[in-house]
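Shown next as structure tokens: one chain only, the form predicted on its own.
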Amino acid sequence: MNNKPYLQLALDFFDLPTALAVTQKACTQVDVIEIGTPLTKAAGMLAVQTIRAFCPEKLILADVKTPDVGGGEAKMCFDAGADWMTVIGAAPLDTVRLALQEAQSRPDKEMFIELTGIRDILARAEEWRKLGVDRMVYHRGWDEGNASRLWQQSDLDTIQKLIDYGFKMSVAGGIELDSLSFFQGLDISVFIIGRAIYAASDHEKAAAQFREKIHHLWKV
């Protein structure tokens, strides 16, 4: 375990003004700001451009979950100011390859495989690794978290296997302050926190509490 996990704020909103208001309060306490999938659909690359202008020193992820036109959508995200972008795991390998090539053609840009809804993760992981993919988002989806899907030991086992394969793992999906310790011992690269920060009465304080606990649990 080489570094403390990054803290990523997920802006899973349907309008840009609300997202910007939360960002203004919480951005000083986070490492990465995610333009969530709903926001990329509602406001497009304007959302990426706006958050980039407001937080020039932060890493920006455009969570577009690209299913096709991998090179073109990666270019669109990076041209708008994103450092990172996502391709959905169900996308064809050619889509993954083209998005990855676009990322690799630019300094300090990265493409992530987003695992929402993927059932054969370990079977697909070898293919992605051979292409050169370095990063994944292991995601308990929004609807799953609102329904029946709880974090389980099997999730930890899968994440550890992916880490062993050489992937840098981001983890997302209804993570609360008290549930961070569930992942202790894993070399997590990024914790993605959404509602636990933006639904709090004090966004900055909530983000600071996550940062403090991550630094406490993952002592280097």
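Start at 1 and count along the sequence shown; that's the residue number. Computed from a predicted structure; not experimentally measured.
Missing here is the form predicted in complex with a small molecule; even so, the following discussion is about that form.
Discussion item. Counting any heavy atom within 4.5 Å as contact, can you tell me which stretch out of 42-50, 158-166, 188-196, 23-31 lines the small molecule in the predicted bound form?
Written reply: So the stretch in question is 188-196.
Worksheet item: Applying a 4.5 Å heavy atom distance criterion, does E204 contact the small molecule in the predicted bound form?
Response: No.
Practice prompt. Using the partner position in the predicted bound form, report whether A172 sits within 4.5 Å of the small molecule, counting heavy atoms only.
Written response: Yes, A172 sits close enough to the small molecule in the predicted bound form that at least one of its heavy atoms falls within 4.5 Å.
Worksheet item: Could you tell me if A10 has a non-hydrogen atom within 4.5 Å of the small molecule in the predicted bound form?
Response: Judged by the heavy-atom cut-off of 4.5 Å, A10 is in contact with the small molecule in the predicted bound form.
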